[in-house]
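Shown here is one chain on its own, the form predicted on its own, set out as structure tokens.
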């Protein structure tokens, strides 16, 4: 049913139970979950369902990472008694495969939304008041949607540092890096965090000469130093040049369309040798996407830093019927965290008192080797003077890792010294991003190291490294002479 808006702007759609603005992994999961329970749901999406993660982030980058893994394996075939000659990558075909993977998953999301009868309205959503969303389509037409509850899930956008010359055509962000028609010969990546290092390995493995400039004193700043060092060594072996504690001060135009990157030691201000590159990738993080949303204008409060939308443990804003989830809250910019926040928001809207718990949210980094972590990190335990025990086990002593020819790295479990309860864990090495699930389950349900150690793990498998780390935290690893 449609009614004419009194102001004469577009039309007003009869009330929905829930309007979701943003169709990323937070928004579309919330929409489907609510619809499954009988709610009348409308989803507003300005682009393609799936959001940044599916279209311009997690999925396309992992598709390219898979290409580099296969390429590397073929290059190293002789190690496994195989022979491969004239191995090369067709970049256009690799990019086409990436696009096919993305399109297939987008189609899956669209099918899911349709099956659960979620009304999808294409366009840019804007809050008019606490129960009205204006949607502006690509042709400029605007319609109004009425909803008893609204979930804001507009995600985030790449940060561009205000460096002189950052508007140069040679400077690209992560979205543009995934749309390149051809490989550059050289690339400078500003930022050695998760995004920067994942792209560093992608392009370096494809033959690009890559240099990373990181402002802080280690790459991958959020993780423990021993994990970051494993990736640092691997990056150097892959030919990636890394400058830490360095600051870019300007980007100027070089010869032949190249960019010249001027940078210095961040601690001393000492000038470092200028770098020239075909492309400069700005990978210094992301910020909540609030522009044009109208949230602040209707009184939705921002957090103390003024970056993201302020929410409570129920994902509720200061306006009781408006909720916010995912990157727009600046809480934890992870797709799976956004999805879970969506479930929490819907539960509360539908009358179930559910709280968001951040104590067991896994983090996965797809470098070479991979890193994954959950719960309390060792450095955080030390900073908080927590009484903990640390159990470690190297993949070099794991049979499956040795058969794979990939035995760098280790598993590390953090347990409470007095109870043995596992409160955190980290993995760097083969299959880390898949293995972290077991440790996440242990942290979530407060399992002890002894309970994990007394659980039979199949042999020969990579999860045995978790089993051994649990033994190490208890009384000593079984397959390690110490």
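If you're wondering where the values come from, they're calculated on a predicted model, not measured in any experiment. Positions refer to the first chain, counted from 1.
Keep in mind that the form predicted together with a small molecule is missing from the display, and what follows is about it.
Think of it this way: in the model of the complex, the small molecule has a heavy atom of just one of 392, 389, 408, 247 within 4.5 Å, and the residue is 247. A heavy atom within 4.5 Å of the small molecule in the model of the complex is found for exactly one of 234, 137, 363, 316: 363. For a residue to qualify, one of its non-hydrogen atoms must sit within 4.5 Å of the small molecule in the model of the complex; none of 151, 301 and 306 qualifies. Only one listed stretch (108-116, 93-101, 164-172, 276-284) carries heavy atoms within 4.5 Å of the small molecule in the model of the complex, and that stretch is 276-284.
Remark: residue 288 does not count among the residues lining the small molecule in the model of the complex, judged by a heavy atom distance of 4.5 Å or less.
Taking the partner from elsewhere, residue 71 is found to have every heavy atom lying beyond 4.5 Å of the small molecule in the model of the complex.
Shown alone here, residue 196 lies within 4.5 Å of the small molecule in the model of the complex, counting heavy atoms only.
Contact annotation for residue 127: none of its heavy atoms lies within 4.5 Å of the small molecule in the model of the complex.
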